Each structure stands twice: as C-alpha cells, then as structure tokens.
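Take a look at this single chain in structure tokens; it is the form predicted alone.
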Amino acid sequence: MTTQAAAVLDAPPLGTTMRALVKGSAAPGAQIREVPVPQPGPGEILVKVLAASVCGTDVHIERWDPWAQENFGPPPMIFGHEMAGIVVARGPGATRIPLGELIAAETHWVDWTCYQCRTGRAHICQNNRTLGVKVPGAFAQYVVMPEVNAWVSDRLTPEIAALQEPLGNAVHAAFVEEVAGQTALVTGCGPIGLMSIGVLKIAGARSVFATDINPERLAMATQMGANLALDARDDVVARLKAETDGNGVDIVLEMSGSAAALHQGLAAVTNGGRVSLMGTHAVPATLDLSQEVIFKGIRIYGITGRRLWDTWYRTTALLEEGLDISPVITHRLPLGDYAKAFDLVASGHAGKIVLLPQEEA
C-alpha cells in the first residue's frame, strides 16, 4: 500500500452523505447536493474520488443540448466519468483489488455477452452503459463501480490517473496501424488531440503536425511536441505537402469534429495513407467519396472509446516510458467551482480541467 493510499483510508461509514454534482432535471444547469454515499453491491467497489476531469460530454449534459437530451440519464443523476480515486470498500465477491489502491475507471459498463463483447470488441458493446451518462457518475466524493472496470494506477498521481480514460482514446486512434517512422497530422488541438501529439511523438512518428484555429491551443500543441502547429485557416494542405516532399502525411487523426478540418485532412493524407476519425460532428459532413477516399486508396477508421483492455496496457506502457501529458492540465478546481470549469471548457480557453471532489470551494 502506498503512503498516499494509507492517508485516505479513513473513509466515512457507508450510509453517510457526500457532496455530488447532480443533473437535477431535464433542463440546463446542475447543482451541488448532499446525497447518500452509495454502497457497493456484489462485484462492486466503493471509490473515494480524488480527481475527476471535465470532458466535453459533461458540458453537453450541463448545458442540456440535444445530444444530452437523447442520451443522458434520466435525471436526477450524478454525472462525470473521467476519474481516479482510492478503493475504500468492497462488495461481496470483489476481491481482486485491495483496499487503499489508487484506481482509474474504464467508463464503459459492458454486458460481456453481446456479439461485440464475445468477439473482442467490448468497447463497442451493443448494450454499453457509460459512467456518468447512463449510470451515476464520478463528480462526487464517492462512486460505486464494478471491480472489473477498475484499472490499478498506483504509480501515477490521481490527476494523471484520471486522464487515462481520455488518453486511451488518443492511444486507440493513433495505434490502429503502425506509427513509427510515419508523418502524422492531428486536426483539432482539444485535450485529446493534444494528448495524441504526445502519443505519436513517443511512439516514434517521424514528424507530427497539428492544426487548430485557437492560438492558445496551437501553443500547447508545440509544448506537447508538434514539429509544426498551423492555423487551420491558412493553406494547410500546401504547407504539409511542402513539408513532406510533396507526398502528404501518412497518418491523419481528425479530432475536431469540423467538416473543414475533415476535408483538409483528407486532402493532406498521402495516397494509400490512413485516417482515424474521432471528432464527432454536430451537423452531418458530406464527402466526395470518389475523389477524397476511393481514388486515393486511403483507409478510414471510426474511433470510439478504448479497446478493452489492450489500449489500457499500451497506455500504461507509454506513461511508464515517459509520456508526459501534464502540460494538457491547465486548471485544478474544487468540485464546487464546476460552473467555472464548464465555462472554461466551452470557451476553448483551457486544456484539461481537473475537479477535486475532496476539496472545499
């Protein structure tokens, strides 16, 4: 047991109350409430949440946009899904992880019985329930989760451990094919795009280019190791062709959800290259499949989540090898400052924001 873990084993008895961020109704907003500490059932663990980072999904839920209306809850329910904390209690049959271990959460509660689960594709389970979206989440002082979804992370700080969930998305997007020796373009320098730059660099990419329209995020892209960070409003394709002897890049990771960035990436990728699509589109994008895909002979991958559990093993290995994602964290705030956190994320003037549920506002 680590010293850090030993210091937080004095969890309150089950049945007492905790602070939590609750989506109280089917309308914009959220509230800090005092709610009962949940109790772990069979195969479950109770985790004292030390860090919970903010995802764009959480902002959708708080703002109650059409995506949230279709996918969340129903309210009232605690939300938040990127988290790390200490195991403080175990339900019947939960014996794998000792009390006091720092863990992160694989946020997909899958059924392990559908066709995808039984053929090695559990991350796209037909009956997936996501932590903080379909089941009570981690913007709280404590959260209950299946022990099978816990990833022991005792070599990391809680805030980095919490970021393994979104980092895994970047790792999955990068590693669907070979990376070493390839030139790569990341379109969209939000937190996952920024982390993917670091992933590509440590994996041996020859050159990594990045695009965005936000100067702050372009500066962060350089900090994360991008060889060249370009304003997406410039002639990106011509510049990248010039940087690659006229060939174009071997790999594109499209992380923005922008139709313009998608078309730029498809134009910039070399004939026979590959594109990983992770940015989600609020408005459907239209492609010229013949010119942009078929005649170029490119391969396109749709990326969602992380592969269970090989992405987690690879993510852990990259962190152990020296991948540093700490520059992506720009704010650390108590849970009570959630409104400030969501406004910063929505404004684009932040990287990753980590909420600290054990700290008072």
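Nothing here was measured: the structure is a model prediction, and the numbers come from that model. The first residue of the shown sequence is 1; numbering continues from there.
What follows is about the form predicted together with another copy of the chain, which we do not show.
- Considering another copy of the chain in the model of the complex, the lone stretch of 179-187, 157-165, 72-80, 86-94 in range is 179-187 [heavy atom distance within 4.5 Å].
- The contact with another copy of the chain in the model of the complex, taken as any heavy atom within 4.5 Å, belongs to Ile303 out of Ile303, Ile329, Leu333, Val59.
- In the model of the complex, at least one heavy atom of Gln116 sits within 4.5 Å of another copy of the chain.
- Interface membership of Met278, defined by any non-hydrogen atom within 4.5 Å of another copy of the chain in the model of the complex, is confirmed.
- Contact check for Ser256: every heavy atom lies farther than 4.5 Å from another copy of the chain in the model of the complex.
- In the model of the complex, another copy of the chain sits within 4.5 Å of a heavy atom of Trp309.
- No residue in the set Leu228, Val237 and Ser347 has a non-hydrogen atom no more than 4.5 Å from another copy of the chain in the model of the complex.
- Although another copy of the chain is not shown here, in the model of the complex the stretch 306-325 places heavy atoms of Leu308, Trp309, Asp310, Tyr313, Arg314, Ala317, Leu318, Glu320, Glu321 within 4.5 Å of it, in sequence order.
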